[in-house]
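Here's a solo chain for you in structure tokens, the form predicted on its own.
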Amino acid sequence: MLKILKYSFYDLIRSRWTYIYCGFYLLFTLSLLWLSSDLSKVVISLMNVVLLLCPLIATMFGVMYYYNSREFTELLLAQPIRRTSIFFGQYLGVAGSLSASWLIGTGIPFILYGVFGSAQAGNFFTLMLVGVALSFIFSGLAFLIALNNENRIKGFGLAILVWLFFAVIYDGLLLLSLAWFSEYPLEKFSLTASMLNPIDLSRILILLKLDISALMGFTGAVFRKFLGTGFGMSVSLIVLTLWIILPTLGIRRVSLRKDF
């Protein structure tokens, strides 16, 4: 698995799209730091970008890499190699390369700006962690979708639909539910609903760390009220970890049962 991971990682690192992805974050972060000297505002601005862009890019890269490396995968499947080792290696290679691009593109400007000597170091680490977590979560979901669909068009369509659901549709349905049933106590419902969406959960994690009550919204305020800032962040991290583990278990289950 480590050899396949290494090959997939270096294969993607050499891709021009990886350089474009890394370069975008580098230029965008440098621009934000040049425009504002307040690191907390820069973190908030990056949060609004990473919560949409990291899941989208991870979803598209995951599906594209699986389908484009289909012939190589079939060659590996003909060898005495475990199926789980092949697909775990490819999945970790994709997620690892995307995470490295995110960390390098965003981390270098902050380091040059002296984030480690400021009071915003904790917020910076939280932002970096959220970007890595979202890359692993949506890369895993993309591989799971591709493994279950031989048709490329259907696989791409479902992958985009999954991203669109978590990024846009889910929040709309949640707000609609809160408006319809506003006469009922909805704190526990909103608490549970926010845990079922990794993007919402990531947003709450960053806002809890920043402790900006004006931007938390209803679900963020509920997290803070019922779980507190420190415990709420711990719960968010645990649930995000579960979101990484569940697609991984799905990949293992499908790869063992599917007849390639």
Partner chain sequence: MITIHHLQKSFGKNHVLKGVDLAFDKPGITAVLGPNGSGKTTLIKSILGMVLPDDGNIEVAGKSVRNRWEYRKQIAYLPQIARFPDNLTVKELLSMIKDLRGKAASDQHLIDLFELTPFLGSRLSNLSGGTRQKVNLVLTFMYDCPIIILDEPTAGLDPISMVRLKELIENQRAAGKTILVTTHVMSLVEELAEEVVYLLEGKIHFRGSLKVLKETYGESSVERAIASLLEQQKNTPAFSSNGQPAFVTA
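Residue numbers count along the first chain shown, from 1. No experiment lies behind these values; they were computed from the predicted model shown.
If you look for the form predicted in complex with its partner chain, you will not find it shown, but the lines that follow are about it.
A single residue from the set Ile111, Leu161, Ile153, Ala78 has any heavy atom within 4.5 angstroms of its partner chain in the predicted complex; that residue is Ala78. Contact check for Ser15: a non-hydrogen atom falls within 4.5 Å of its partner chain in the predicted complex. This chain is displayed without its partner chain, yet in the predicted complex the stretch 70 to 78 from 70 to 78, 136 to 144, 102 to 110, 153 to 161 comes within 4.5 Å of it by heavy atoms. Residues of 4 to 43 placing a heavy atom within 4.5 Å of its partner chain in the predicted complex, in sequence order: Ile4, Lys6, Tyr7, Asp11, Arg14, Ser15.
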